[in-house]
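One chain follows as structure tokens, the form predicted alone.
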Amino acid sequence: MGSDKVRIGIIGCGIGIFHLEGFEKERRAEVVALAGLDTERCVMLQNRFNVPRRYGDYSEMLADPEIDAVSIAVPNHLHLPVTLDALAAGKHVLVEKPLARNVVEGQQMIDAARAAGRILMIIFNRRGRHDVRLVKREVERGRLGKIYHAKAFWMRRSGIPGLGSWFTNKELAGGGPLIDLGVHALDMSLWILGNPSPVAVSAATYAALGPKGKGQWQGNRFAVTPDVAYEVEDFATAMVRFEDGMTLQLDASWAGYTRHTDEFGVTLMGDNGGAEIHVKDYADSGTLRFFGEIEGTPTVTEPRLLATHGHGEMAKSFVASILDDAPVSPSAEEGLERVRLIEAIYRSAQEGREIEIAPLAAVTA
């Protein structure tokens, strides 16, 4: 690897477009190859982004000694095998969320990265948003006081990614909107709050519309396949308790008869102030409000926000960790913690009871 540039290979030509856009914004990165089974889409991306090489089989890409790192944008069930292959080939790895379908797979990935001496980073691109970063800084500075309750959500009115596709297959996806969208909401809130330790969760999941063939994301490239069983939830709700007494309400939905279009956000309630992020249809502005008071009079502050590119911010962080030895963020370990909490939520919903969550040291020891 050259001292001033990281040569990247992208695996997956679906959401891989966002990875390409992200690395295009990082001057110290150069995408030199694409790999994917959808030839038409890969050719389109290769031409649009002027990528020199294209492979049908990603293993051929991994054999290329000129590639320093890979960015993985494939379905959830492939995160483990593709990551292991890339690490074995000596590549640094950036992988889409969720880290894995379950804790066992995620831990295998982390162990392999440590053994290979390579960086394994996960994409939580919402961390790159200006509103999210502002709230995190205010929390770190103590401006909101002690946070005692938080809410996190990602809700869609009609947004199942593909009825009958891998998204709605339990084995391939690991779950529905909780592991697809809820993982983003969890990461935004927990990162803002400094990664507090969860101790218990009580949850419920529902499959109300998907099994009826309703709730498909309009205009999505995945075709509706009504004869294929819908195996995951279309709505999940959970209450999480943390070691310091704080609570978090989480809601994640692909489809439901609500006012939401495609919306996500985080609300914080502190003893000295509050904050609310509410993003509708991926807006960059008008999404953040801080709540406080001046001499007993309630106040609302709405900062002027800057537009950012989430995957671009992830690309910068990934390259900095490789070239500058900067801390890996978002780390695979954080990704594992999100998966661990999601597992507990699914278990609570399945068993119909509160589930206690052991300290991470007890899990990974």
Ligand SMILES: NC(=O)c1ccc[n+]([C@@H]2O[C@H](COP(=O)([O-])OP(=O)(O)OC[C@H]3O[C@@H](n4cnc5c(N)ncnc54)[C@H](O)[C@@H]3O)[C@@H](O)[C@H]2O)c1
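Just so it is clear, the structure is predicted and the values come from calculations on it, not from any experiment. Residue positions are given as counts along the sequence shown, with the first one as 1.
Beyond the structure shown, there is the form predicted together with this ligand, which is absent from this document and is the topic of what follows.
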Contact residue in the predicted bound form, chosen from D251, D187, E105, E96 - any heavy atom within 4.5 Å of this ligand
E96
With this ligand left out of view, which of F235, Y230, F153, F167 would have a heavy atom within 4.5 Å of it in the predicted bound form?
F167
I need the one stretch from 235-243, 125-133, 251-259, 109-117 whose residues put non-hydrogen atoms within 4.5 angstroms of this ligand in the predicted bound form.
125-133
Should T205 be classed as touching this ligand in the predicted bound form when contacts are defined as heavy atoms within 4.5 Å?
no
Can you tell me whether A35 touches this ligand? I mean in the predicted bound form, with a 4.5 angstroms heavy atom cut-off.
yes
Close approach of D325 to this ligand in the predicted bound form, 4.5 Å, heavy atom:
no
Would L78 count as a contact of this ligand in the predicted bound form, using a 4.5 angstroms cut-off between non-hydrogen atoms?
yes
Does the trio C13, D57 and D180 actually contact this ligand in the predicted bound form, every residue with a heavy atom within 4.5 Å?
yes
